[in-house]
Structure formats: C-alpha cells, structure tokens
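Only one chain is given next, in structure tokens, and it is the form predicted alone.
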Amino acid sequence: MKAAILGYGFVGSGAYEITRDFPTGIEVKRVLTRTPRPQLPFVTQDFNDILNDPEIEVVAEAMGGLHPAYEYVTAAMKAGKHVVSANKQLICHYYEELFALAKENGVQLRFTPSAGGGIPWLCNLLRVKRCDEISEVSGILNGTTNYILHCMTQGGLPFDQVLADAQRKGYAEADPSADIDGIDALRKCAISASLAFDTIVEEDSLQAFGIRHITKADVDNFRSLGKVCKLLVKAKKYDDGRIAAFVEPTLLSSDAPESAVPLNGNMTTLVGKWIGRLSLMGQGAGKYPTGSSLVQDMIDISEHAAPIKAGSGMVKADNSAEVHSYYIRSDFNFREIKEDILVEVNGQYCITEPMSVADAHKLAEHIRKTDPAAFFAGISE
C-alpha cells in the first residue's frame, strides 16, 4: 500500500524511517512539509500532489493542531483515501464529524497513536470490548507531566527548573500549557472514554485540574502523607448509563502501580466485566514509539482490519457521583468553607471529606477567585 505522511516532525519522520527500514508493506510515496527539503526527493509542499495521486491510498496525519490538519484529512477522505492520525486535538474536536465523513466515503479513520503514543492502548481497548463490557478506563496519559512530577518527587527540584529541563530535552513544548493545564490528558481521556463506552463524550464537559501551580512544598507535603502525586485520567460508566470523565493530580500510595511509572512514561488501565483489570505501561510519546503506532494503523488498513466505529449519541460527562477526598493548598481563608467538608487543616494545606468531583471543581473555581495559584489534588482511596 502506498501512503503519504503529512508533517515531517518527530512523529512523521519516525513513521517514515520505520517504513523505510522494516518490511511493513507500506511504501511512503509523498511527505508534505512546510519547508523545502531538497535532500528528500519525495517531499512536497503542495497537498494537491497527494490529493490527486490515485496511487496513494492512505494519508497519515502527523502535523498536530486543528488547521490545516482538518482541511487536509477531510479532503483526503472525500477523495477516497483512508486516514490515520496521531493528532488527539483533531480527533477529539471533530470526532463525530470525521467518523461520519469516513463512513460516507467508504474509507477508514484510525487514530490509535492519539492516546498512549507507543503503548498499544486504544487498539487493545478496541480488542477487549469486542467480547467484554468495559466499565472504567484510567491512567497516566501525559509523559510531560509525569516527567515533571517524577523529577520533583525523586530529586526534590522546583517546578520551574524541571519544566525548563523538560523543554530542553524535548519532553515539553515551548508553550507547555496543554500539558501542564491537563488539556492534552483531557482530550485523550475523552477519546478513550468514547471508544470504551460506545458513545461520544463531549470534550467540553470533562473537568480537569492541571499541575501548573504545584510547588516543592506540595511535594514535601505529599511525602509527609506517604503519598506520590501523578496526573491521572479517569472515566467510568455507571449502571444507570451516566459517564464520569475527568483529569486530576492524584495522591497515590507509594505501592500503587502508577506511582512507579518513571520519567516520561505512561500507564493505562481498563476494567472489563470478564477480563478484569488490564494495564499497559511504556513510552507514551516520542519519535519511534508514536511513529510505530501510526504505521500500525496503516498496516491494519492494508490488511483489511475491521474499521473503528464511532459510538452513538453525544453525552456530557457527569462527575457528580465520583467521590473522593481532596488535598487543597491555598492562602484562602478556609473558615469561609463549610466546616463539615474539612477533615484536617494546618498552616499549609487542608484535606477534605469525600466530595464529588463536580463539587470539588466548583470549590476550586471559588477559591481561585482570590488565590489563582491554589493547588488541588484528588486522593485515591
């Protein structure tokens, strides 16, 4: 099968090199780049060279962002070309529309690199649910924040220093907002939940706390509590059909499996009725891990694998039934909060009684009006 790759950054170049050096059955005929690369004869800056080439059957999108990625992949599908993508923002934002367009034009849309990177997360989730009922998905789905939290925990380093180090090493973007504010993980959570529960979980309905305001003092407090902090996603389907879906820094016991995930690693977990708890751990990003997942999607199409199907009906996340305690560090006057929700208050932080995720986010909104640097973390029971 002949393919084109849109974008020649880390993921695009990784995917190309894998197809070049390994007998995958995929031949990359064209690569679209923004800048000329005279040393690569198959490179083009004109998308029409790909769109109008009948030999190219699959387009692999590795550009990132919404535009022009959206315009390119929709044009490709309308031209009868399959699309694979590593772009979690694109897939999450246009989930329903892209699936409808693929069905209308008789092509496949695959996107397993968009959540989990090199971990075979979404493809195994799809495999499990063929004969099982998945009730929960969770885990670490952002390598940048895991790297930051790992280094702060293990090295006792301040947030700004570790973030700068992550940027130098290529683990964090120049603008790290999507990672440290939890937005990247939120998108991956929405995609995972939508596939797991055969529906379309509305991106804007998820709730997220990030780690932008975590301090060395917070990490010291966690240690005194015997806890390790990780940024976790969680989505759960209740018996009444409601779906909870959220992203939070979470305080875990030191012997929890997620607590041991080092550096920029990821760990994902699903819970099935029959299979029970199943976890995967590995590189959630990177040139070759994510590039290989993009190639796997192309191979699946070339081998006529069953297409990924969109669920039916758009649903909003409902986090009112998901309950646990919270750690809150703030200069806020906690006397303004109802005393019955506080278990422990000292000069540095407070621990709440179990409360719903929905109520915790309302409380955070209230507190951050006077203390924008307040830090919230859920506490795993």
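It should be emphasised that the depicted structure is a prediction, and the values quoted were computed from it without experimental measurement. From 1 onward, residues are counted along the sequence shown.
Another form exists, predicted together with a small molecule; not displayed. Remarks below refer to it.
Residue-level contacts in the predicted complex: of Thr144, Thr250, Ser192, Thr112, one residue has a heavy atom within 4.5 Å of the small molecule, and it is Thr144. Here is the short version: of Ala172, Ile200, Met281, Ala102, the single residue with a heavy atom within 4.5 Å of the small molecule in the predicted complex is Ala172.
Contact with the small molecule in the predicted complex, defined as a heavy atom within 4.5 Å, is made by none of Ile50, Glu61 and His82.
For the small molecule in the predicted complex, the listed stretch (136-144, 297-305, 90-98, 119-127) containing residues with heavy atoms inside 4.5 Å is 136-144.
The shortest heavy atom separation between Ala285 and the small molecule in the predicted complex is within 4.5 Å. The small molecule is not drawn, but in the predicted complex it has no heavy atom within 4.5 Å of Arg187.
When the small molecule is considered in the predicted complex, Asp179 lines it closely, a heavy atom lying within 4.5 Å.
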